[in-house]
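First, one chain by itself: the form predicted on its own, in structure tokens.
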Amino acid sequence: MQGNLTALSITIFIILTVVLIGFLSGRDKKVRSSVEEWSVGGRRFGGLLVWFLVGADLYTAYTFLGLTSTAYTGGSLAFFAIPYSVLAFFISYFFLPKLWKVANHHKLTTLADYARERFDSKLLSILIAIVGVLMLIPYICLQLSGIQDTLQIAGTGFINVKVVVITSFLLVALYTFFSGIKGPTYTAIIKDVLVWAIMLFMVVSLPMIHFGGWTPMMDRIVKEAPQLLTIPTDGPKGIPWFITASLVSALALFMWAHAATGVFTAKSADSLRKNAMFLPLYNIVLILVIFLGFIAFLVLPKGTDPRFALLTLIQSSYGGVAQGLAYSTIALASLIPCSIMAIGASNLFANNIYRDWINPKVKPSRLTMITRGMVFVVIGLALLFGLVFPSALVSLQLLGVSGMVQIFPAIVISLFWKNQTREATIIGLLVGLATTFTVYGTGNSYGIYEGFWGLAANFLAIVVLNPLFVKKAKSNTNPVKEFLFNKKAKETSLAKKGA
């Protein structure tokens, strides 16, 4: 189907305007003065900015296009995104403030930093960094896929899509290199406002356009496609898969490097508690997006590629202006998360692979430049991977969730378990990863989400092996461990800092 020139023009105009704002947000040279300033904004962001930033982190183009596609093909299975995000925010209320306090006091900018200091282990830090970077590359690729699909629908017959996609991501890499976390933070406000406005507009207007309202639409779904409204009781993706996918995804959500980056920008632990209470509001949008998949199932021609379900629905339902606003919203939901993800991955590589492993004596100024420069490497690898292996991206991202959840015991459990040992944690992580990849590779998951098997093996290894090393762990202490579990030491440390 031919693209719409008006829609394409609006999409490109909004993207370029937002990229310009991203550059302008980094005018102050201070944003490039250190890794802490560039990657977490000096930890000065208030609750509202963190809300927009974490929302931009977690609700991406893949969320909208992927959920619509899942609803189009699998019906109510797509609703697993609702309990998983609610669970994730509920759990985060209890551990993110504590993690933030440790990171703020000890100037830590990544989860791997925390693991290194908590367990006195560069090996664990490097393992977590490697897992974080490798799992994040396919996720960044999916953002590329989102904007590529959007421009392909909007610009067919007018532009070379691959050239425009490469140009767009190069611009994002440049403004991320220049502005650090401030760029995606301020542009995230525009993206999130558009998401709310456009998604609400579509959910109100599309049922009116195609069915005359919500009630006739629901009646038609019940009559013509009742399978969309139920979860299978058995099979590879039945209720056990739904439950375990929700749980694993919830535990993994804040283990991603880009999510941790958003968390560490907060100026107080209270900001994170408030975010845990109000971020579930985004689920309103998620529920509505799933219903857009149902609408697409009913109105689009049979055989429509599920990957393009939402975009094709937009193209067939609206004129050029509405198309342009919708396309630009989805494009921004690709580009802005890509920027935050690139910061998270770059920070992991520079701090926890380069500094901890390759060059421990690197100067702070050089480390800052390496961290910023890695943005081009990360985005370049994502571009290359996405263009060469486009069909593997969704599978790899789902595997990424199963991989990222394996660091949960090393990060979250260790905040509350004083005698958790370094050795048991490292072995547990490796056992969890090996189990996950084995289950994924053999396809023998028995209707359970792959990451659940890995996490179960991970926990089991830690529980069984921890007693073998606990005597040594009790005798060893460090500032982070003292801060977490020694109330007097914590109070003294905070007093010295003037907190």
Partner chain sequence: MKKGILTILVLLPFVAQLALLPFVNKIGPIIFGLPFFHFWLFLWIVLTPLCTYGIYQLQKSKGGLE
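Model, not experiment: these values are computed from the prediction. Positions refer to the first chain, counted from 1.
As for the form predicted in complex with its partner chain, it is not shown, yet the points below apply to it.
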Residue 235 within 4.5 Å of its partner chain in the model of the complex, heavy atoms | no
Does its partner chain come within 4.5 Å of any heavy atom of residue 422 in the model of the complex?
-> no
Do residue 365 and its partner chain share at least one heavy atom pair within 4.5 Å in the model of the complex?
-> no
Non-hydrogen atom contact residue 316 with its partner chain in the model of the complex at 4.5 angstroms | no
None of 426, 247, 411, 102 but one has a heavy atom within 4.5 Å of its partner chain in the model of the complex; the exception is 247
Which residue, 123, 134, 384, 218, has a heavy atom that falls within 4.5 Å of its partner chain in the model of the complex?
-> 218
Output flag, 86, 229 and 280 jointly within 4.5 Å of its partner chain in the model of the complex, heavy atom basis | yes
Segment that reaches its partner chain in the model of the complex - one of 324-332, 235-243, 185-193, 259-267, heavy atoms within 4.5 Å = 235-243
Within 4.5 Å of its partner chain in the model of the complex, which residues of 69-97 have a heavy atom? Give them in sequence order, or say none.
-> 76, 79, 82, 83, 86, 87, 90, 91, 93, 94
